[in-house]
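Same protein, same chain, two forms; see structure 1 and structure 2 below, as structure tokens.
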Structure 1
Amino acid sequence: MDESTKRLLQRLMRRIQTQMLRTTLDKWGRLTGEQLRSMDFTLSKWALTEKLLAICEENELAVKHITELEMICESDVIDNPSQGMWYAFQLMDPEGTYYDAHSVELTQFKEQFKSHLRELIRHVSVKIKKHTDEAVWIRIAWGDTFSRPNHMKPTYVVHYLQTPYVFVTSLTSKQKPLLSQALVLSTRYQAIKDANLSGRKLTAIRDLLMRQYHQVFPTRYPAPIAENDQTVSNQHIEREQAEPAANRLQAACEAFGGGVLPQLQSAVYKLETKFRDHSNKTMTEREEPFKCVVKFASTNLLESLRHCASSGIASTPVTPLLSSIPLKGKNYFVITDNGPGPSSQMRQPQN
């Protein structure tokens, strides 16, 4: 193995938890049973790394084999916040019928995606693997005209073939057009757009966009929704406030969902509107729109907003500006005088 491959393996070993190491190496399948038994998993991570490096040298493993191990690690820690931000995209304008766009087979997709991407960029390394939840994981190591693919800074793409949704992390603005074109050409769609949804947890933005969470719909005769936390209080006050509290909880759950909610960390509203305040003529008479950015942040934003509405901290019914997060599956909005809508410009992904 060359030095860059050794560094990649060493970095992977630092990320794999010691108690998961044996299971991960077993999934990898590049070590014989005897080699796996020869590893003493009670030793330090440094000693295990040196032992694994020696075995990989003995087996003459190359970078393509190490990237297989990395893909196993990535799919096992998809909700690790240290992995960076995930961005959602949506494929648009299916060719033919709706069924045709959702009937692309994995083998066909793999062949076409690799072929199209290699036509666009000469030095690129692509690994594709199907995950247990039917997601297709794509690992891309980018190079350029004069340099080999950089396996230390790969891009990860997750695509559910039966849906138009694509999730991407670690993609630069320079690489974005290449990936977008390869995805469009290898699926039966004609365009791709930013879904204006991002977060550190892949499962959270996936569940929100694909509606894989408990939704509560308005009903003419709502049944009381049980609070998760029941506290002891004065019975007379409780009886008096029971109906308003139940109505607030119903409205909050209709707006944001019931049960466990997808863990979004933020929502951003970019305002580009006319300033309206009769007491401030200087700002009101300006021709150009008033611009500012409002950001809501929390470890679990939807849960926080639902609690604010159900507890009476925020008024109900919930403003459409906030209820649009789960309703539209977005957490990035541009507010103009025409009302809330998606951004007219693509956001730049993280470099």
Structure 2
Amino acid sequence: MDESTKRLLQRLMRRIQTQMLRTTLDKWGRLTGEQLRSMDFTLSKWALTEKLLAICEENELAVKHITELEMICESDVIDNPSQGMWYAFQLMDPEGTYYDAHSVELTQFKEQFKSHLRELIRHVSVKIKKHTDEAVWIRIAWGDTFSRPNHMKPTYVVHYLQTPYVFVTSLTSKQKPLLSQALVLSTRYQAIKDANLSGRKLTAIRDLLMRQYHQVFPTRYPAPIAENDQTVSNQHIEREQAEPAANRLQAACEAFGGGVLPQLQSAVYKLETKFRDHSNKTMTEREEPFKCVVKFASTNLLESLRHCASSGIASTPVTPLLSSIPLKGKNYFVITDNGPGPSSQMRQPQN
């Protein structure tokens, strides 16, 4: 094993938790039963790394085997946001019928993707693997005309074959057009665009975009959804506030969802609307838009917004600007006025 492969393995070992190590190595399947048994999982991480390096040398494993292990870790094992930001993309304009576009077969996709990418850039190392939840994980190590693929900075791409959604992390702007082209050619779509959604947790943005979280629908009969913790306070206030609080909670959940919400970290709105404040005539008469940028940030943004709505910090009904986040699955918006109209009209988020 050469130096760079060793470094790759060492870096990988630093990121795996010791308790997950055994199962991961099992899944990997490159160690014999005896070798697996010889590893003492009570030792320190450093000692384990050395042992693993020795075993890999013994088995004469190469870089491609280590990258297999990395893929397993990324997709199954490491739950915490390690890679930085994931960005969502959407494939557009399917060729042929809906059925055609969504019926791309896995093997066909794999072959086409690899061959297209290799045509675009000579030195590239691609690994594709399908997961149980219909996701196809692709690991790309980029090289260029003169150098071998760099395995220390791989790009990960996750595509759900039956949907037009693609999630990407660690992609530079130079690599982006190459990846886009390869994706478009190997699926039956004609273009790919930015879905304006980004976040640290893949599962969160995936759930948001593909609507796999607990949605709450308007109920005719106000049956309040049980809140998790009830802070006990004055009985009179409780009685008086019970109904408005229940209404607020219902509105909040309708807008953002009930139960556990996908963990989004931020949302950015670029506002280019006219200034709106009736008490200030000069500014309201102004023709040019009042340009500003508003960024909301939190460890769990949707949770915070839902709490704002249910506690009254945000007035209900929740404005479409905020409820667009879960509704459209986006967290970057450019808002402009949609034509002249009374300022009481709701603004339409565009694109």
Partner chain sequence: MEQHHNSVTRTPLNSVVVQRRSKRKSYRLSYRSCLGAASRLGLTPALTARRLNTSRRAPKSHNITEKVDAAQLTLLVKTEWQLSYVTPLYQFRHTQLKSYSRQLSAFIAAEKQQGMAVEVEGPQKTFRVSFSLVQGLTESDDDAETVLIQIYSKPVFARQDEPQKPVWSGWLTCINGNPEYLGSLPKDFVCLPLFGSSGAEGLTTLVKSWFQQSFDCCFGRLEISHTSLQWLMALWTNCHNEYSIQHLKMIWTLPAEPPLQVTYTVNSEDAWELWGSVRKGNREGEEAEEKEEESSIDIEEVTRFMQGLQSHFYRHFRLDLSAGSLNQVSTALGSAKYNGRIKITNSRYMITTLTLLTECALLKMPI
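We call the rigid core whatever largest set of C-alpha positions still superposes within 1.5 Å between the two forms. FYI, numbering is relative to structure 1, first residue = 1. Keep in mind it's a predicted model, so treat the numbers as computed, not measured.
J.: Of the two forms I pasted, which one is the form predicted on its own: 1 or 2?
T.: Structure 1, not 2.
J.: 2 Å or more on the CA of Glu34 between structures 1 and 2, with the rigid core superposed, yes or no?
T.: Superposed on the core, Glu34 moves its C-alpha less than 2 Å between structures 1 and 2.
J.: Relative to the superposed rigid core, does Cys292 relocate between structures 1 and 2 - that is, does its Cα move 2 Å or more?
T.: Shift of 2 Å or more: yes.
J.: Ala62: with the rigid core matched between structures 1 and 2, does its Cα shift 2 Å or more?
T.: Superposed on the core, Ala62 moves its C-alpha less than 2 Å between structures 1 and 2.
J.: What is the Cα shift of Met283 between structures 1 and 2 once the core is superposed, in angstrom?
T.: C-alpha shift for Met283: 7.8 Å.
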